[in-house]
Each structure stands twice: as C-alpha cells, then as structure tokens.
Ligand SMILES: Cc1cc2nc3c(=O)[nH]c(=O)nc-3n(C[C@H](O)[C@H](O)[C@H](O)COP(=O)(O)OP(=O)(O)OC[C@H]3O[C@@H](n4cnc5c(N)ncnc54)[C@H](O)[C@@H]3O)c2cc1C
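To begin, one chain is listed below as structure tokens, in the form predicted on its own.
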Amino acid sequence: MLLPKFDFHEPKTVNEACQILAEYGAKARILAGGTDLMVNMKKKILSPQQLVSISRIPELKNLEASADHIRIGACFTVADLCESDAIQRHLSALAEGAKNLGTPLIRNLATIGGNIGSARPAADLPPPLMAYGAQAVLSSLSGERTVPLDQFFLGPGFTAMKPDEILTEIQVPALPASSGAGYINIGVRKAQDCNLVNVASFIALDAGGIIQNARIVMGCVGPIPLRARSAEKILIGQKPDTALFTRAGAAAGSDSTPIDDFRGTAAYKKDMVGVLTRRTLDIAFHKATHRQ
C-alpha cells in the first residue's frame, strides 16, 4: 500500500517544530519512530498533509535522573528503555513493559512519546508509567504545560494534546524508599501480538509495613488505560498479604470494562485482570521490601 502525499519537515529544535505546528495545526502530525503512524497512513486511517519529524532534536533523546524526577525525552526509544541502567534500577515495571513491546526491530524504532501519543488502549508503556505517577510535558509556542498521564488519555487515538502541542518529555517523580511496582501482559501469542490484558501495580509502604499509597492501572479493558480506584481503596491502610491482594484483584476486575472480541470474551478478560492484579501486587510488594 502506498502512503498518501504529504510535505515533510525535519526541524532541529523544539521551537522550530512548534512553529510548524502553529502554522498547520490539525493538518500536521508528529513523526517520531513511525511504527504506528506509517501503518495508519498506509491504511488511509490518517492522511496528514504535513509530517513533522522530531527525531533529529537532540534534547528529545535524553534521559536524566535527579533526586526529584526521572525525565525521559519523547524520542527515547523503547530499546533504550530496555537497556537503560537507570530505568532498570528505578522503574523496573517500565523496563518490563518495554521488553514486552513488539519485536526487536519495532523496539529499535518505537519511542516512548509515540507509544503514549498514539493512545492505543493496548499499549505497553502507559500502564506502568501511570502506576508510577508520571506526567506528560507538552510544548507549544505558548510555553510548556504538564498533564498527569491519568488525565492525558481521552479515548482510542485521542489525548489531551492540542493541535499545536508536542509531547516532549515524560516526568516520573522520585519514588519513596519502600515502594515498588510490577507489570504483566498477556496475549494470544507470546510476542508480535496485541495485548489481551495488561496490568501495572504500584505500592508504597510506611515504616510499619502498611500500604500508604497504591495505584493499579489496567490496559485493554476500556477505551483508555483505567485506574482500578476501588481496588486501590481496599489496599491503602492495610498490611500486605495474599488475601488482601486477592480482594484487590477481584475489585480491579469489577472496575474494568472490557468487551467481547476475537481475542477473548469480556468475562475472561475480567478474570485475567484479577489474576494479573494479584501477581503484579506480589511483584510490587517484593520490590518494596527489597529495594535498596
């Protein structure tokens, strides 16, 4: 299939890219790795008149870890997430999501900004990032604004980004000492397949080992990645154990809103949400109690 006709822009700075978007607005689309965009253009799902490649903007490929945040440039590739010592050490659930994304070729091209900006309900990176409390940094000629990721997704393919904005960075706040997160996905096949269900869980413990904070994020079981709010309420203020995690899993299943499709029934997906929630909470608890 042939691509539709378009004009190609390759700005060297974020400001230059923002100027192009300000001029063309909704007629333009940002190109990073292109693993989703090119497919959608070939299928005629999208036909932008202007493509703005941001892959040559140096600061969008950076990763910086400080006492307050880990800042990940939007063009940091999924392969780089897999290999980064800082990501493995501080954000192991994100590293796990990256390892499960596509094939090696896809991971070499795909970017963290593209995986988030495409707003696919089955994407691997949004659940762990949301579990960690990440924020998206959006840039335009008017300046920068930050949007928590749990407010960023509006529907399949739709986000809080305005037509003149670029997703330039993901910020993850520094994590408490006694905290941890886990991520698991399942699909019909082990690799090269769209997820059937994916779940990320995060817990933080106080000095007495009581759960002080919890976030559970479910993918593939709604139009956007969903927070399991009732499950989180069950966890907070409680001492972690298997029975508690099982109750939280059941609540997460009730919080999910899957549909029947060719990959599985809604009932099966709800059951798997419960199973994966329990397992990711086990991982998160192990990380929280063994973190150095």
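Only a predicted model underlies this, so the values are computations on that prediction, with no experimental measurement involved. The first residue of the shown sequence is 1; numbering continues from there.
What follows is about the form predicted together with the named molecule, which we do not show.
K.L.:
Tell me, which of G264, G33, G253, P240 has a heavy atom within 4.5 angstroms of the named molecule in the predicted complex?
P.N.:
Only one option qualifies, and that one is G33.
K.L.:
Of these, S118, N213, S178, Q88, which has a heavy atom no more than 4.5 Å from the named molecule in the predicted complex?
P.N.:
Contact check passes for S118.
K.L.:
Just checking whether V39 would be counted as a contact of the named molecule in the predicted complex - the rule being heavy atoms within 4.5 angstroms.
P.N.:
Residue-level check for V39: yes, a contact with the named molecule.
K.L.:
Going by a heavy atom distance of 4.5 Å, is L149 a contact of the named molecule in the predicted complex?
P.N.:
Flag for L149 set to no.
K.L.:
Although the partner isn't part of this model, could you tell me whether Q171 comes within 4.5 Å of the named molecule in the predicted complex, counting any heavy atom of the residue?
P.N.:
Because no heavy atom of Q171 falls inside 4.5 Å of the named molecule in the predicted complex, the answer is no.
K.L.:
Please determine whether N100 contacts the named molecule in the predicted complex, using a 4.5 Å cut-off between heavy atoms.
P.N.:
Taking the distances in the predicted complex, the answer for N100 is yes, it comes within 4.5 Å of the named molecule.
K.L.:
Going by heavy atoms within 4.5 Å, which of 218 to 226, 199 to 207, 120 to 128, 140 to 148 lines up against the named molecule in the predicted complex?
P.N.:
Within 4.5 Å of the partner lies stretch 120 to 128.
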